[in-house]
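One chain comes next, on its own, written out as structure tokens in the form predicted alone.
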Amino acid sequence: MGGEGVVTPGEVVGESNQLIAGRGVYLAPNGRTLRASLTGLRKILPPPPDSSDQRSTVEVVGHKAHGAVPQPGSVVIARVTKVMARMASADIMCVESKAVREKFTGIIRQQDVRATEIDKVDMYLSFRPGDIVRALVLSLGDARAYYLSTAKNELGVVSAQSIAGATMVPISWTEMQCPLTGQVERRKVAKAD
């Protein structure tokens, strides 16, 4: 048993007569063996100086523990990947100001694009693939994706490229303009800070 190393769930990480079970570790039914409850790095922490128990603590720190995870109510930055008649899908890149380490997919449904005239929302005039959007996480959705909303003034497209490849400039809450060609494209624009 070395100090640090990657362990998987159920793997023996120590004996209870020498170590105390910390985070990510449990005492096996035999009452002697300590096992990992998640995949991560095995760490040994020395006992506090004032502790009567002089055993060190073993813990397993999940290697995904530091990546941000979307939660209902958090604001995310996502890149639109696909636009359909009733929804748009997007890859979540940041939660609040932290980058995500794994892939999370979000879905913006037609009824969640804006707060007014929901029945008149045209998804193709709201988003395009490649757009960067600021959105609110509504719920965990189904097993495949988080439900996102852009139904606030400060939510929506924050950055978009025109057909000419230039970064467009917002000119209203429903339009962005290409600085090269002057062409106007429709979007659900996020109000600038």
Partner chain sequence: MKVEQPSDPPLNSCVDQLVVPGDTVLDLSTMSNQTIKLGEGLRQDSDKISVMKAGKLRLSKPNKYWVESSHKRYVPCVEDTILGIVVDSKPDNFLVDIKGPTLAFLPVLAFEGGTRRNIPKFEVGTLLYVRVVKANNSMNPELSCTDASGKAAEFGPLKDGYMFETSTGLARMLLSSPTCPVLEALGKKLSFEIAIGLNGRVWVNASSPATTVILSNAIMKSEFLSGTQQRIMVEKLMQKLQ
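Positions refer to the first chain, counted from 1. No experiment lies behind these values; they were computed from the predicted model shown.
This protein has a second form, the form predicted together with the partner chain, left out of what is shown; the following refers to that one.
A.B. asks: To test your reading of this chain, name the stretch in 124 to 132, 30 to 38, 54 to 62, 146 to 154 whose heavy atoms come within 4.5 Å of the partner chain in the model of the complex.
C.D. replies: Going through the listed ranges, the match is 124 to 132.
A.B. asks: Counting only non-hydrogen atoms and a 4.5 angstroms cut-off, does Ala115 reach the partner chain in the model of the complex?
C.D. replies: Ala115: no contact with the partner chain in the model of the complex.
A.B. asks: Is Val83 close enough to touch the partner chain in the model of the complex, meaning at least one heavy atom pair within 4.5 Å?
C.D. replies: Yes, Val83 lies within 4.5 Å of the partner chain in the model of the complex.
A.B. asks: Whether Thr181 contacts the partner chain in the model of the complex should be assessed with a 4.5 Å heavy atom distance threshold; does it?
C.D. replies: So Thr181 counts as contacting the partner chain.
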